[in-house]
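Okay, so we've got a single protein chain in two different forms coming up as structure tokens, structure 1 first and structure 2 after it.
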Structure 1
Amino acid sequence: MLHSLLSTSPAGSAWAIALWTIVIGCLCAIPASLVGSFLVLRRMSLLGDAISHAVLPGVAIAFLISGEISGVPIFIGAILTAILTAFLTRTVAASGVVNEQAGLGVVFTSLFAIGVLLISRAAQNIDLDPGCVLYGAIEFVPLETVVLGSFELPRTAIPLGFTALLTIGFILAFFKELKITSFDAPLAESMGLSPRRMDFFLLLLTSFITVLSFEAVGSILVIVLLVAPACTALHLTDRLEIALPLAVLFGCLSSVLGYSGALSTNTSVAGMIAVASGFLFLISWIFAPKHGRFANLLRRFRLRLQIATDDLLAVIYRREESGRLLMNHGESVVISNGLLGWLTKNRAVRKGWLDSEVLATESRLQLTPKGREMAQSIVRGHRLWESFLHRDFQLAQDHLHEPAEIAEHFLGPDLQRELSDQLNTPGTDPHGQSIP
């Protein structure tokens, strides 16, 4: 469909259609991604989906009054119903019986059901194209133009541009209030700010964005643009000041990539923009430096390697403490755990904790002075924690080792000193072993 549209247009016109299609996608993405960032933070990310269903009765009533299936009456009916959705949602949530999400579910399903009844009973002869409603017709938007001064613009670009400017202005004017109420509503209330009022304004702004974007991009893409760019940005940074422009960047990038993908595959532009948004989110979900899956796996592996290294040092320290030259079978098993064991020993050597000259002989591993100091701290934390559990929690001696084995890796010098002071500087642990 996209190929046939461009092939039947003159070269200059085809270029203009391509450019304006991308621009329209960006004009939809800018307000949606900005508002969507706050919706995601407030756990209201499916608000656009709810409003897209809730506006149906307004559309049906507007048709019954005007007899038109497009134009200003339909827009006014949709906007008024979206505002009604926001108001009813806040009213239901303010009752205290249900939370925001439950109130939203009750309101939009009820309004959607009313809309279905009105359409089925009073407007049976309307020719509605589900494809346009779901996917929009963004590739055809540049064909319907208006003259503004000396410029010829797509008609849809004017309200979308106005919405983008309105959204940017609202966020700049109320950024402090939006930020505080999104991250800490109780703190906002103590400062005299109203989280519910900010929620209502966000509901109202989301209503405008959702309704104005329907004609151009359809309901599915509106929902995607409200959620995906914001989630992508929030995966990459914890600072809202950076996340907002990043969300706009990813929304616009989705428009460019989506149009390019639709052009190469001759498919729906709006659908490909949604796919591009999901693809960008998938990349951030996997490779984000702090919150990505790969980074989480790497942190977990590093923690596991650190714990294994601590266990290795503690095993060697206890062997030296007992005066044994060789490790027993149980101790050798602990430090010979395949690849992890090899990485553990090499890490200990790199840190200067283990004598590299006897690395090849596992049973004769020796600590360096630096390693002995580190191992002593680990064993000290273990035995202090056992003493604390035995005295304050009355745990039996045979129940002390396992919890202390976990805690020993996280007891730094400060906490060890605090434990020792609370325990009146004990000399031995509950098993009779000296505390270094």
Structure 2
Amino acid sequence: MLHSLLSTSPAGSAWAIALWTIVIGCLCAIPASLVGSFLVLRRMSLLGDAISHAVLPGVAIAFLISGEISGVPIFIGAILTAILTAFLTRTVAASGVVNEQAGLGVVFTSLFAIGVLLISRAAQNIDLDPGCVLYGAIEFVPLETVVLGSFELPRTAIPLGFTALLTIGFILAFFKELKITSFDAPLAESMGLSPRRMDFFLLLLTSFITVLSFEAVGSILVIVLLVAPACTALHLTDRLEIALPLAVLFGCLSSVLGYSGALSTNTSVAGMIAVASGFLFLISWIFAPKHGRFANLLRRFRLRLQIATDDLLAVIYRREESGRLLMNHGESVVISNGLLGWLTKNRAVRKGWLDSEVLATESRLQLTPKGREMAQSIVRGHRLWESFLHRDFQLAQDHLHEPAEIAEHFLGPDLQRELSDQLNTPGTDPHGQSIP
């Protein structure tokens, strides 16, 4: 579809069309990702979903009355149904029969279905493609142009640009109010900064964005632009002030990537924009530096390696302490085998804790003076913790080792000192072993 469209255009304007398609995509994405960020934070993302579905009957009815496919009547019809949706949802939820989520589900799917029926009925008589309403036709949007001064631009760019500016202006003007009503609505209300008023403005903007993005990305795909860039950005930062511009960036990036993707695969641009924003979210979900899956796994693996090294040093320390030359079986099972065991020993040697000469024979492993110091601290932590549990929780002797085996890795010098002070500097642990 995209290829044939571009090939039929005059050579010079093919570029202009490509560029305008991307710009239109961005103009949809900018307000959607900004408003969407607040919808996500306020746990209202389903409302965006609901509105984008529910405006359909409004559009259809306005179309049936006015006979126009775009323009003011459609806009008013859509806004009215959006407000009706929010109102109906509140009423259904407030009646106490079902909860708000279920209320939304009932309201918007029914309204959406009515819209689909009206449109398919109207489509028998006139040229209105239901697919167009659902998925948009961003490819054709740049073809319908208006001249503004000496500048020719797609007709849709004007209302979309206006909405983008309106959204940015709204967020700049009400940033403080949006922040407090999203974070702590009861406090905001007790201060007279009404959360419901903010909800209403957000709802209004969401319906503006949905209706105006309609022609370009359709009523379904706009949901992705409301939710995905916001989620991607919120994954990457702990500050709202940074999350908002990031969301805009990811929204625009989705438009660019979506267009190039559609160009190279010759498929729907709107579909590709949605896929691209989903893909960006996936990347941030996996690779985000703080909250990503990858970073999580890495952190967990590092901790495991540290614990395994601690255990290795402690076991050798205990053997040396008992004066034995070889490790007994009970001691050697503590040492990890396989890859983890290999990495552990390597780490200990690299840190200068383990004598590398007898590395091959596990039972004869030797600590360096530096390693002995390290191991001593771990064993000290272990035995102090055992004493603490024994004294303050009256745990039986055979219940002490396992909790201490965990705690020993997290007892730094400060905590050890505090424990020792509280226990009046004990000489031995409950098993009678000396505390180094």
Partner chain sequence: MNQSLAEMPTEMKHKRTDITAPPVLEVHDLTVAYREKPVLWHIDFAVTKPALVGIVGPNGAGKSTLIKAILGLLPVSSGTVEVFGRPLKKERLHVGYVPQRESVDWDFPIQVLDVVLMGTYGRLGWFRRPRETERKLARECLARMGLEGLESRQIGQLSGGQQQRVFLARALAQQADLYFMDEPMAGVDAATEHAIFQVLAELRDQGKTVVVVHHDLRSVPEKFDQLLLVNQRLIAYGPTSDVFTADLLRKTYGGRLAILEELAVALKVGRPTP
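Note that this is a predicted model, so its numbers are computed, not measured. If you superpose the two forms and keep the largest set of C-alpha atoms that fall within 1.5 Å, you have the rigid core. When a residue number appears, read it as a position in the sequence of structure 1, where counting begins at 1.
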| item | value |
| --- | --- |
| Either 1 or 2, the form predicted on its own | 1 |
| Large Cα shift (2 Å or above) at Thr163 between structure 1 and structure 2, core-fitted | no |
| Per-residue C-alpha change between structure 1 and structure 2, His399, threshold 2 Å, rigid core fit | yes |
| Post core alignment: Ala230 C-alpha displaced by 2 Å or more between structure 1 and structure 2 | no |
| C-alpha positional change at Phe108 between structure 1 and structure 2 - rigid core reference, Å | 3.0 |
